[in-house]
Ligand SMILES: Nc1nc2c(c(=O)[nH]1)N[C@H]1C(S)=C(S)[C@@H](COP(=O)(O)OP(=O)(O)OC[C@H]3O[C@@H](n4cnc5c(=O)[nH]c(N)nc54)[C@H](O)[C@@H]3O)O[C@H]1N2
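Presented below, as structure tokens, is a lone chain in the form predicted alone.
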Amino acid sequence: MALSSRRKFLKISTGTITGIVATSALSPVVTGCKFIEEKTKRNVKDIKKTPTMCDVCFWKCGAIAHLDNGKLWKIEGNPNDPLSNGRLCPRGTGGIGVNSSKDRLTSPLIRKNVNGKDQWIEVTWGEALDYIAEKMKIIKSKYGPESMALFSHGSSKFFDHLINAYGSRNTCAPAYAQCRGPREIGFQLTFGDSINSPERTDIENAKCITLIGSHLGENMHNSQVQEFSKAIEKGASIIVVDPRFSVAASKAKYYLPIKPGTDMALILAWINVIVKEKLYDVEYVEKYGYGFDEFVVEIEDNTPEWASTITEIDTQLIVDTAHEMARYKPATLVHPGRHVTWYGDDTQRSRAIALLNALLGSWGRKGGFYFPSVYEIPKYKYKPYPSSETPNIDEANKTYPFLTPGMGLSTDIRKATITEKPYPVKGWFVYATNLLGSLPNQEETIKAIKKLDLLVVVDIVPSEIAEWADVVLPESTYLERYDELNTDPFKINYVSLRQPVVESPNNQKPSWWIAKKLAEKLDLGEYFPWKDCEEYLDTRLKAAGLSLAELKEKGVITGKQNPLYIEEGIEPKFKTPSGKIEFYSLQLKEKGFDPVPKYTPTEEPPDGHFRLLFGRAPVHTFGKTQSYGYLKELMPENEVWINSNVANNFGLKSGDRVKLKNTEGIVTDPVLVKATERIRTDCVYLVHGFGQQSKALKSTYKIGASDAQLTSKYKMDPIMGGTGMNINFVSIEKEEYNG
């Protein structure tokens, strides 16, 4: 019987990994008073400091790990790093908990059928890689290399290189279509350029900052939060638009508790006020704008009175906040957000934000959006990848005309796996991402998984996706490995390094090693000609006049400070068809889309239901940090935010437990109630990443509620394929709980 017809969820239970659980002699967990007590006993002479790069989130902050007699003690920011400025966020500081997590994977596992029953069998690395290579060769021979797809999230690009060398172009990251993709396209259509990561926002110098559903201070993007604090200290005017009174809202001069799903109407009304009262940057718009007259006609009816009835925001408040933004132009920043996949019209909403910034003259201006620069490090010179006449799945489908080439849509690959159109996808290689937590509609993901001939999962902990795999490979943590150099665009040129601080405690391996060894077994060793990652990195650095030895010592090397703004002499170049800021987009019009964004109503919650909203917490990153000892102690579970009046109607109070049930009948595990006036009555809110269903995650199993379980409906953005996920509704079921 073929594996694809019998694949089942197979729990990596405690019994499965008995004897190979991480003992972590390297870093005993010390918390609370014990931590303080032990700290006083440390001898400074015994402390070794090693610079590296954090990997708890995607910000890649420069860090310095402290070892006491060879054991991890603490980690703090590298003062020479422009991203951390010597400080780490709470989750970065608590990141050392990953090394001592009792939930860590410790040896390769293969799913095998023993006496008619699937079991996890601990194997050697050689056995695991031989198994994978054999399956990949069969898939390539039978279906073609494009039938192998990669899903990845993280700093390592070695698996992308491996899959491309294998002959497939079907690589993707959920961080694109499930997070920031619509934002990038919305700004590209307007300015011809992206926001990038880290964002090119000049928060520190902004005199007015508008946040629309952006939870700075909860979503802990280090340098942004540091700059936000400085802006507040300087007296910047803060405007916050959110159905929930967030941490950022507590710093605001104006708080607009908007009705969920109506953000576009508010943005268009702001634009209407600024245009009609001629409060925009006239000289900037005349010099750099294209299609402004047509744009003015399109937004004429989007009055504050019209928007007030839709958004439930007072008309005068809409006018006052428009005036506030105009008062401080061009040092007014309407933040583009990060996780912007909300309602399915997300590219157009992001474009509306871009147009509002364009009116205020903030693109390329101090206090708005700066022009980033990159430390140029030559790429390693590999032989060309195999040529192929078979397009990747996104190109073959041609469904989303403005999808960035090469970014890949996770949902398109999932659909192709189920339907085998435009061609079969028979293998998934999943690196550092739990697809059951990141993709909407878990049922569709499981349906696709059951069609696979091979599912390989590389991770640090046994996530939910791992328990559907054929092979599970344990990766070394970021404190135990080298990774790719970091040269992300920023205010100053820099290159930073991730290097091993301690050895892996068990049989874990770094991603570069796994990719290289698997390539050799696939007869692709010529694509990994370097001996090890040190040789690879040193080759690249020497080509730039640097060396690995120097970077290992410093952790980060900065280059020259380039001009950042138009005021400093930069003449902006807009990579749009007109060569200007496109207020009226002929690109969109030619493809059948609105050339200027329009408001489209979203579906209302059914009776007795609430719109489900979700977000981040300062001490957790997605669903991967809940088992880190220090961070788990700070936030062991999530709560559901419910308006106090609604809670009272249900007979609920803070500390009670409820279950949430969506309109498809999916029910969560019990979750604590947070009864609060800080949220509207028509929605509820969860911190993402809890309610994990992998039994091997002993410290987090079924603790809290999973928003991913409830996100069974989604709406595709027709422009670039983003998945709008804030369209799910839930009811509240009181749970009898005895502690």
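So that there is no doubt, residue numbering starts at 1 and follows the sequence shown. Only a predicted model underlies this, so the values are computations on that prediction, with no experimental measurement involved.
This next part talks about the form predicted in complex with this ligand, which is not shown.
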Next item on the list: Answer for residue 635 alone: is it within 4.5 Å of this ligand in the model of the complex, judged on heavy atom distances?
Entry: no
Check: Could you tell me if residue 528 has a non-hydrogen atom within 4.5 Å of this ligand in the model of the complex?
Finding: no
Note to self: I'd like to know if residue 135 sits close to this ligand in the model of the complex, meaning any non-hydrogen atom pair within 4.5 angstroms.
What the structure shows: no
Notebook entry, point to check: Is the gap between residue 221 and this ligand in the model of the complex 4.5 Å or less for some heavy atom pair?
Noted result: yes
Next item on the list: With this ligand left out here, work out from 447 to 455, 169 to 177, 139 to 147, 118 to 126 which stretch has heavy atoms within 4.5 Å of it in the model of the complex.
Entry: 169 to 177
Item checked: Selected contact from 617, 252, 566, 557, since only one has a non-hydrogen atom within 4.5 angstroms of this ligand in the model of the complex -> 617
Check: Which one, 585, 311, 210, 434, lies within 4.5 Å of this ligand in the model of the complex by heavy atoms?
Finding: 434
Notebook entry, point to check: Though the partner is not shown here, which residues of 694 to 718 have a heavy atom within 4.5 Å of this ligand in the model of the complex?
Noted result: 707, 708, 711
